[in-house]
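Coming up is one lone chain in structure tokens, specifically the form predicted on its own.
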Amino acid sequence: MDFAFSSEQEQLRASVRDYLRDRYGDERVVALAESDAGWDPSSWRELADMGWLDPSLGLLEHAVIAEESAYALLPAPWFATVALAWPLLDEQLRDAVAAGERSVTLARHGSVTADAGGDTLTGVATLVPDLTSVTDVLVVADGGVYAVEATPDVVVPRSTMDRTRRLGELRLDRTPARRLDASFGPEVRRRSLALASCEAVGVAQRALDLAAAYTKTREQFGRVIGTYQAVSHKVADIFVALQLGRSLAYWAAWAVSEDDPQADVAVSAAKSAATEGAVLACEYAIQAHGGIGFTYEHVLHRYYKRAQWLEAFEGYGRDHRAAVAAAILDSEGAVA
């Protein structure tokens, strides 16, 4: 069986990479990250015009975009809209997103309840990704999913480590809401874990590229530092971690897209390996850069922060390894 991406998907990858290389170099990403808004809202229509928000795209196409956008550290609510909220959108919101008119995130952590009548919500949702950048929020409350406009009176920005993906707090007080014909189920979580793993692959790849380029040109004591084993071994460790994470992330994306029986195992294996691998890649890349790698001016710390965000997203590696172990033991018990 061929698990490679199709030629069309690789063409999509090339298109995404070219756009990001042209529009989102390190200097612009840093400038946007340090700005009040945190991103360029006009870019959302550009993403729509290029088809990144097209409803016809499947999970494998989204996996390609997730990897490449993380490689460039794209500051935009693409992950929140496509990885989190996408399966829950109704036709009205999906069409508006595809046109670049709306962007959406998902709020499911906190305590929110529907008021009598079910057309208003009250409560607080925390740790909402890209809340300050989107136009709408899908809120999980009372066993249902509700759409709420992300107006300034309900959005509270929070201090966030990763300034390219900021978190916010949603405060609702009899706020108008529209109940959607959708429910938050395991398929939504599987999808988000698969795409988070693909993002982690993009982060790790960028860390590897930065480390490899620097160690090939930086000289110390009359020698290129990449010739020292203490340095070259760390770059090699990044490569190994990246390849493991990439293989599992692609497997997870395929398993979820095909509704494979092993999808839960695949996403847990991918999430633990890919996100921990991204953290390791950034740490080793920073060390390979020496003193400059630890400065705020160098871009590496921004990738490190994204890697840490991804590692914490929906459970740390130990939680997902425990899920994989439980699945293995259950299958062995069933065979016995």
Partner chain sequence: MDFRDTPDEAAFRAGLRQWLTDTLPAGWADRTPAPGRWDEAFTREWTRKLYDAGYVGLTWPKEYGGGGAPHTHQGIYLEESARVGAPDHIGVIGLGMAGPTIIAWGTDEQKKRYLPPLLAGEEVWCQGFSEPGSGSDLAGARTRAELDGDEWVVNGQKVWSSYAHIADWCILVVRTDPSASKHAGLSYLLVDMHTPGVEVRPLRQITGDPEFNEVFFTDVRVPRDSMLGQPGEGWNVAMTTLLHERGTLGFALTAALERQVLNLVKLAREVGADDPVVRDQIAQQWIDLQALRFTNYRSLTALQKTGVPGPEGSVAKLHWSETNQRLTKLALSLQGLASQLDGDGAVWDGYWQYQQLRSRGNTIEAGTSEVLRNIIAERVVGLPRSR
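Positions refer to the first chain, counted from 1. Computed from a predicted model, the values in this text were never measured in an experiment.
The protein also exists as the form predicted in complex with its partner chain; that form is not presented, and the subsequent description refers to it.
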Contact label in the model of the complex: L53 to its partner chain, heavy atom within 4.5 Å: no
Residue contact check: G58 to its partner chain in the model of the complex, 4.5 Å heavy atom: no
Non-hydrogen atom contact E283 with its partner chain in the model of the complex at 4.5 angstroms: yes
Partner proximity in the model of the complex: G117 to its partner chain, non-hydrogen atom cutoff 4.5 Å: no
Contact assignment for its partner chain in the model of the complex, among R178, R218, R189, R94, heavy atom within 4.5 Å: R218
One residue of Y250, Y71, W86, W78 in contact with its partner chain, assessed in the model of the complex (non-hydrogen atom, 4.5 angstroms): Y250
Its partner chain in the model of the complex: contacted by all of A37, V203 and A207, heavy atom 4.5 Å: no
Among 230 to 238, 146 to 154, 132 to 140, 94 to 102, the region lying within 4.5 Å of its partner chain in the model of the complex by heavy atom distance: 230 to 238
Within 117 to 153, the residues that have a heavy atom no more than 4.5 Å from its partner chain in the model of the complex: L127
